[in-house]
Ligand SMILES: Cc1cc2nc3c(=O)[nH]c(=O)nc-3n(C[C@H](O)[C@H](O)[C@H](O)COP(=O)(O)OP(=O)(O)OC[C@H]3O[C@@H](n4cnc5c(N)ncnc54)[C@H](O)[C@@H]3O)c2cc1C
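Just one chain is shown here, as structure tokens, and it is the form predicted alone.
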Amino acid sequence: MATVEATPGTDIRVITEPEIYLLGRQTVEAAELDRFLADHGVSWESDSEIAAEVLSETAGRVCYMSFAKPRPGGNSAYLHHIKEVGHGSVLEHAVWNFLFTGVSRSLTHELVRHRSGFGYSQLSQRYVDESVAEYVEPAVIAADPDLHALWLEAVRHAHDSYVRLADRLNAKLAGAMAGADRTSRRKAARQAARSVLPNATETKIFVTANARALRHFLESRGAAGAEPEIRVLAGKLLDVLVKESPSLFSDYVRVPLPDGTFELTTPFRKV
């Protein structure tokens, strides 16, 4: 990310890359799994030590009670077969928690369209002061000095308008909402002033999703026709997921695109 001067005393931080924080993953209650197996007279142990993979395999084996005579090849082969035959429902039991930062409001407008298998908690512009300016610049604009200057001018204007509106609204509402507490007045000012902020405004969003939903996201937002910013995010998310669970996500291939990003493809679409 880079920082450039906006108006006197104010910096606009221009962000060009998203950041992903993996905040949560599942664990397996091994004693309970063993109790279930013992209650049903079988003995079984997955060769994977990754909770998401063990739970997905367990869910699949419950469907057919195939613990006693598992196919050879272990967890990797089992989950490969699951993807191959499209038995994607068992992947819904593998869940992760992420925090995405350095993404634009434009990106999250597309991200939250993914409803099934996802949960979201996003930064509120009503409560959070946006006078500390952070904006996400599209790569195609950042690569051209003239376009960058034009974009930066528009962002500066919108940002300055937000700051002035918020200040004047605070003063106006001090009288109109004299009986209200300070937090309520500031919220009322910010929720009106934010109307001038652009889609480029940086935001933070907490995301919880299961493996099946994440695969759908990777395939739709990692496609060549996807918007470039969210395609970059999909690529970074794939990096995290392959480390987390290679048996669930290592089937994806990166295909270079003319803009320097990559399309994500897999032989097991729409699992």
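The numbering used is simple: start at 1 and walk along the sequence shown. What you see is a predicted model; the values in this text were computed from it and never measured.
A second form of this protein, the form predicted in complex with the named molecule, is not displayed here; the remarks below concern that form.
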Pick the stretch from 26-34, 56-64, 224-232, 240-248 whose residues have a heavy atom within 4.5 Å of the named molecule in the model of the complex.
224-232
Counting any non-hydrogen atom inside 4.5 Å, which residue from 87, 114, 157, 187 sits next to the named molecule in the model of the complex?
114
Can you pick the one in 46, 203, 220, 210 that has a heavy atom within 4.5 Å of the named molecule in the model of the complex?
220
Can you tell me which residues in 256-271 come within 4.5 angstroms of the named molecule in the model of the complex, by heavy atoms?
270
